[in-house]
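Let's start with one chain on its own, the form predicted on its own, as structure tokens.
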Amino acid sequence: MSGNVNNGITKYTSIITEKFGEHVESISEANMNELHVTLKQLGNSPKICEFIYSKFHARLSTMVCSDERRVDGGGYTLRYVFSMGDDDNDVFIVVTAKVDPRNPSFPSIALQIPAAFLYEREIKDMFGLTPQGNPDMRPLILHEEWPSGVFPLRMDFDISTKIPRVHKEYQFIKVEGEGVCEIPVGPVHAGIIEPGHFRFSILGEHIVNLETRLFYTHKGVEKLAENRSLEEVLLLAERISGDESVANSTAYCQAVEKIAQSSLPKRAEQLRVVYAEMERIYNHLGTLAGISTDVGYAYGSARLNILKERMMRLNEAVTGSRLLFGVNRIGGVTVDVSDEVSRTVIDTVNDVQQDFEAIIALLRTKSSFIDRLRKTGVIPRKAAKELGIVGVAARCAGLDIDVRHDHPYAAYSEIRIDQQHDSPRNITKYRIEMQKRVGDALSRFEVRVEEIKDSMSIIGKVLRNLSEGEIYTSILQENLKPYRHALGYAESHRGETMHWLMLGEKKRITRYKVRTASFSNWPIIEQAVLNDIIPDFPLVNKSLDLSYSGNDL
């Protein structure tokens, strides 16, 4: 946690109390960096959320709905989680409001805060609460064959229920005009990728509209977590998206450890950083290889895929898993590294870095490669900000968002992640430089290249300064009390992943809400492809590195 936490919470408490004190039932600090603002009336949520969003330049990180009808005070609870964007304060503001089950609706904030669009539709599908004022009331997650009036995340919905199929039709947006044609693609695609439907409207070769339809393989992760033990849900968290196993398990463990108010051994925090950066490297290498494939440069793809394979073999040699499964446990990590293993990791990473820089230097000399990326799949900064996108997709559009320095976790508060954030002067220079970024596929390529080199540097620095001591600790069981809750978060290679956890009776989970980077970033592809041509779509899609599995929770 940063040293500004208490100052930040004090500042926000003072401002919110002064402005909205008569509408606030309580305002309190929790879990070191969470400021909880509980409202007296649900109807006041739009103006308070809009105030936080605009006054503090905050970002809506997630919306959490929970069915608390069986808890004292009953009803559904909405939590709007904002990440603070000013003064580098490590603070989340959580605005909480109750929804009366006799009137299952709530005022929409989507017109004021567009990032809320999908969250509100998700809540409507899964809890049956209607967002009054949201202009798009179509189903998001529950598809046409799901019957009306059945809401899977209500506590009285039995997970073993056999749902009868019904026949309805989803209404896509119809684009009309002279010369406009429609091309439906998917949901089943060639190859082994997961399903997703893309409805293109084109004028000549150019895309004038794209509508995506996802959630064909929704896994029911959040429902599966209900009434499970903490250890069982850790296995579930790792499997949200296989290539984000470290990020998601880190965020989940962090939420549990916050509820338990337990601190980790320093060595455990350092090793979490090492495994997280190993995960980032092999995934970014895979994405760069995919970009090279989609521009038709097979040689570059082959060279990068070789490097990815070397990193995955290193993963296996160190942890026993190519995908780094099983490295995290509640209270620390499961896998230690000896001095010999540390040297192996550092030497391998150094070797890979040399080859990596050689192939990147080659790619940068290929005008056919660079020109194909330049001005393709441009993400407008305004759209990126309004839709609340995260990760590389946000950074390439000039938004300086990275949980590792915005809300430091594990050992990140003690590590220089990159040269751009090691002093106020460099931060200012970096933000000026970011304003020049155009948000195209080339920007995403270059950001990933820099992040791979930064990750390699981080791994070396941490392993050379690894603390002695234990790699895990037993968390404080007496603090695992019913209905305590906390946020966990991590920066995956795709961006910010948010986990919110509430305990129930007997230390079992009553609500587990996950919002991955892919959920935040899928909508931006509809903006990024506008005015590109159809053959650009695979390249734009690959450069964004979106996950179906990470979205279809």
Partner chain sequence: MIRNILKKGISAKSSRDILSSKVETIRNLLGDTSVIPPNYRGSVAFTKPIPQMITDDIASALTDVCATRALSVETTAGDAGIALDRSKCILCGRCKEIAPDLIAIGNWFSPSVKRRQEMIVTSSVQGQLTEKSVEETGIELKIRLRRTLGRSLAVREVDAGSCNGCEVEITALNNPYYDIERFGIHFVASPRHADVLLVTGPASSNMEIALQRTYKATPEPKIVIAIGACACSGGLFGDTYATTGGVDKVVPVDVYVPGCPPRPQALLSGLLLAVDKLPSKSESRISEEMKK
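All of these numbers come straight from a predicted model, not from anything done at the bench. Numbering follows the first chain given and starts at 1.
Unshown form predicted in complex with the partner chain; subsequent notes refer to it.
Peer 1: Establish, in the predicted complex, whether V208, R395 and P538 all lie within 4.5 Å of the partner chain, using non-hydrogen atoms for the distance.
Peer 2: None of them does, since no heavy atom lies within 4.5 Å of the partner.
Peer 1: Among the candidate stretches 356-364, 474-482, 401-409, 160-168, which one is within 4.5 Å of the partner chain in the predicted complex when only heavy atoms are counted?
Peer 2: Contact criterion met by 160-168 only.
Peer 1: Do K436 and the partner chain come within 4.5 Å of each other in the predicted complex, heavy atoms counted?
Peer 2: Because no heavy atom of K436 falls inside 4.5 Å of the partner chain in the predicted complex, the answer is no.
Peer 1: Using the partner position in the predicted complex, report whether R343 sits within 4.5 Å of the partner chain, counting heavy atoms only.
Peer 2: Contact with the partner chain, no.
Peer 1: With the partner left out here, check for me: in the predicted complex, does some heavy atom of I173 sit within 4.5 Å of the partner chain?
Peer 2: Result no; I173 lies far from the partner chain in the predicted complex.
Peer 1: Would E226 sit within 4.5 Å of the partner chain in the predicted complex, counting heavy atoms only?
Peer 2: Contact with the partner chain, no.
Peer 1: Sort through M137, V449, L466, I306 and report the residue having a heavy atom within 4.5 Å of the partner chain in the predicted complex.
Peer 2: Filtering the options by heavy-atom distance leaves I306.
Peer 1: Which residue among G460, P114, P195, P380 has a heavy atom within 4.5 angstroms of the partner chain in the predicted complex?
Peer 2: So the residue touching the partner chain in the predicted complex, by this definition, is P195.
Peer 1: For 212-237: residues with a non-hydrogen atom within 4.5 angstroms of the partner chain in the predicted complex?
Peer 2: Heavy-atom contacts within 4.5 Å come from F215, Y216, T217, H218, K219, G220, V221, K223, L224, R228, E231, E232, L234, L235, L236.
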